[in-house]
Ligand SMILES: C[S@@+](CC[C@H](N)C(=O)[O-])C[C@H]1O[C@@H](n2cnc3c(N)ncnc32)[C@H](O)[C@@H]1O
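In C-alpha cells, one chain follows: the form predicted on its own.
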C-alpha cells in the first residue's frame, strides 16, 4: 500500500477484514464507510476543523459543477494523456483536491485507460464528499505539509492553487515524475478585481519550481464566462478577493448585468530530474 503512518512514518498495512490500516507500532486508522482514511492526527491540526469552511466548499461545488472550469479540466487531462501515455496505470495525486472535481473529470475525460487516482485534502468534509462521488479513487484527510505516502510512489502530482511543501513533492515523485501546477494567468477574474481594487494589477505569473525540477511545458487556458448572480457570488467566495471585497463592492458584483468575466490559467509541467 502507498500509505505511511503519519505518527511514525512506517508503512501502513490494511487489516483483515479491510476496516483499518495499521503500522508495526500499532497505530490504527479506520477506513470510513465512504472509503476514505483520516491520516491527520489531532496534534497536526492547527484548528478544530482545518481547511475550507462548509460555506466555501458549497460555493466551490456549485460553481464547478456548473461546468465553468471544464476547459481547465480538459487541458489537465490532455497533458496527463500526453506525458503518461507509456506508463500502465500511472499513479496520480491531486493535492488539495477538495471535493474531488478534477479527479472525477480526469477519470471521465482521460483517453489513457486505467489510472491510479489519489486525492488529499485537509478538510474532512471535502474528502468525505469526494469519496462518496468517486469510489474508484483513493482519498485521505491529510496536510500537504506532511503527506503520508511512501517515497517515490507517484508518477504525477497535480497542484491546482494548492499549498505545498517542496521537500514533500520531491520525496513523493518518482525520478522523471511530473509536477503539474495550475496558477492564475495575468488577467484571471479581471472584472471581479475591478470592483474590489482601485488600482487593478495583473497577476504575477512567476511559479517557482522545487529544486531539482525542470520546466518542460507551459500552456495558457483563457476564455470568458457569464455566470448568473448566484454563480458569480459563488465564484467570489472561492477566491481570496472575498476577504478584500467591501459590502458595497460585493453588492455591485452581485447586481451587475450580464457581467462577462475573464478566466485565465497557466498550466506548468515540470519533471523531476
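Residue numbers count along the first chain shown, from 1. What you see is a predicted model; the values in this text were computed from it and never measured.
Below: the form predicted together with the named molecule, not depicted.
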item	value
Contact label in the predicted complex: residue 79 to the named molecule, heavy atom within 4.5 Å	no
Contact test in the predicted complex: residue 143 vs the named molecule, heavy atoms, 4.5 Å	yes
4.5 angstroms heavy atom contact with the named molecule in the predicted complex for residue 119	no
In the predicted complex, residue 96 touching the named molecule (heavy atom, 4.5 Å)	yes
Three-residue site 60, 64 and 163 fully in contact with the named molecule in the predicted complex at 4.5 Å by heavy atom	yes
Position in contact with the named molecule when the complex is considered in the predicted complex, options 129, 73, 196, 123, heavy atoms within 4.5 Å	123
Among 148-156, 170-178, 183-191, 96-104, the region lying within 4.5 Å of the named molecule in the predicted complex by heavy atom distance	96-104
